[in-house]
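This document contains two forms of one protein chain, each encoded as structure tokens and listed individually as structure 1 and structure 2.
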Structure 1
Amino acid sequence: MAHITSSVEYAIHCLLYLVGSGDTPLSSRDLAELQGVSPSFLAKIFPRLEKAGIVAASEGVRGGYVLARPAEAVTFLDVVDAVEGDKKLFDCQEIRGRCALFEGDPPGWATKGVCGIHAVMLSAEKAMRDSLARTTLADVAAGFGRKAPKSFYADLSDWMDGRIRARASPRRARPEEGAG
């Protein structure tokens, strides 16, 4: 179990597909099957992205999700916070006030302000968050676009269309199921 969980990995990979899909909504089920992850689990992640204003949902048949903002305006930090809430890197237990010398009544100089140790952790957390805030969905989408061949996007589009057509006309699109 890591601090940045698999939920974030799922979320960002999905968001990258949404970057490519433009105005066409993609359902969480399709995104799950496309990537080979659990549809039920993914369905629990998306509402958090929606509450954070990262994606917009459309209900009903042919519904799904689209990006609610331009990809340049969604940082990794946005996604991490949306999916994980405000999870702290370090949870200070304030043990400095329990020193036996204080006998249950710690003096002001000992408990005033943030503990020096805690301050170092907060600084490290800030460094991490600043780093995450420096990269957007658009940045990684561009990097992915440079690696993938042109045909990939066409194949992807076909796959999504295929799923919709298969559901619309199961008789023609998946004849093998009835003929088996």
Structure 2
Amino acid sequence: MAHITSSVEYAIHCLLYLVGSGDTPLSSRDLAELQGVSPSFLAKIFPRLEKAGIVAASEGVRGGYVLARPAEAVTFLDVVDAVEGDKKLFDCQEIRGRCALFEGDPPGWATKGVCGIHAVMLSAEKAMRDSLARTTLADVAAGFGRKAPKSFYADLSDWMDGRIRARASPRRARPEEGAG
């Protein structure tokens, strides 16, 4: 798990909107506009989430994405691994064996066992992965639900419904507006 990029943050925000939408599919294009990000940016993220079994896609004017499993069954680690891949936090270069004093032939004591620096990094990575694995979309959605006023959800639903109606109108219907 390398540096966690903004792709993970946007993915989690999108997934939280999907938690709130229930069985109503939301288009990645609408989610992008809602968050002020390029639709092409999210269009690269959603296939990864779909491949990981986190979201499911549906086509058509009312198409988009829904959660493929309950929010309680999707951890932050699932999302990080889906978006970023299962990359290591630290890539040990075994620098300890390159000391100039060893003249290219390090003694066994210098390279025996796991590098002390690498051991600390492995421990940190494990702690982070364990924490991400304990936190689900449902956990964070519940906290947000206590924070946001009920009017926010009504406004969000109205905004999304307006987007769907606009796509469904004969003048604006575009066949390429399926899940994306």
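Counting starts at 1 with the first residue of structure 1 and goes up one by one along its sequence. On a predicted model such as this, the values are computed, not experimentally measured, just so you know. Between two forms, the rigid core is defined as the largest C-alpha subset superposing within 1.5 Å.
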| query | finding |
| --- | --- |
| Of the two forms shown alone, the one predicted together with a further copy of the same chain | 1 |
| S27/E103 same rigid segment between structure 1 and structure 2 | no |
| Rotation (degrees) of the smaller of two rigid parts between structure 1 and structure 2, from C-alpha fits | 20 |
| Cα displacement of C92 between structure 1 and structure 2, core-superposed (Å) | 2.5 |
